[in-house]
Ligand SMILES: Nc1ncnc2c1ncn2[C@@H]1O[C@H](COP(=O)(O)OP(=O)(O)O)[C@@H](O)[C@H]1O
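Have a look below at one chain only, the form predicted on its own, in structure tokens format.
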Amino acid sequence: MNAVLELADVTVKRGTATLLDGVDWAVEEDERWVILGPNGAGKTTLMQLCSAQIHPTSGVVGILGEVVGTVDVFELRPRIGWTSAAVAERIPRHEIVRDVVVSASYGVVGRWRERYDELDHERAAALLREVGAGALLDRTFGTLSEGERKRVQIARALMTDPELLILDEPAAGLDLGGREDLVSTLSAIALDEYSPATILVSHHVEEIPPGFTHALLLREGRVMAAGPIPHVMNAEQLSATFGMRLTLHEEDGRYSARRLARRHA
């Protein structure tokens, strides 16, 4: 297998703050990774690097066989499917859902004067059906629920048939039902052998979909653990990552965690 992502001794600094510190990490094309860590761990910064949105302060970032800093990122970015709160905020609320998805073909947000052929529209409709949002085709983005918007964004991220799919906290803001629907959708994508290498960012172990193969734990910009999920997902390493004593339970490929009760004298 070929690595779609390779980070070697990567550090990101902003002023006196170190956001990422000496990160080494590689993602193979058949792997599905979940990134876990508390607020401020550096997860969003890591995903900005992986999606060629920013450059490292030091170290080497390789994406899809190219080295960031030596390649035109505007040619690299269309090969990466990316969903995030920042991307969602840029989508015009009056935009028709079919146009939200199809406009990814040109790498634009908000349809203008681009021309799309019938195959583009057919692919957009098929992707919406694939993520359970086929009935939303003619709705405007602003009328959708938060869960529906998440599904539309995932379809948009898949529109260009990306070689790397990055999902930055896709379950944020969802209620229990919306989260479970989304986890099922992401599980189906993860289990599809034709899906691209996928990276999912979350704060919560409950959001890890079955079918994800690897996990990276991040705290204060440093990698605490990384590797196959069975080797990484344990109470000891999770407790060290979140800075509290936790218990971890796994059942049918789903995880749950809770804080251990304090002992009283």
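Residue indices: 1-based, along the sequence shown. Values in this document were obtained by computation on a predicted structure and should not be read as measured data.
Although not depicted, the form predicted in complex with the named molecule is the subject of the following passage.
Of the candidate stretches 25-33, 43-51, 226-234, 56-64, only 43-51 contains residues with a heavy atom within 4.5 Å of the named molecule in the predicted complex. By the criterion of a heavy atom within 4.5 Å, Asn39 is counted among the residues contacting the named molecule in the predicted complex. The closest heavy atom approach of Leu19 to the named molecule in the predicted complex falls within 4.5 Å.
Although the partner is absent here, His249 lies well away from the named molecule in the predicted complex, with no heavy atom inside 4.5 Å.
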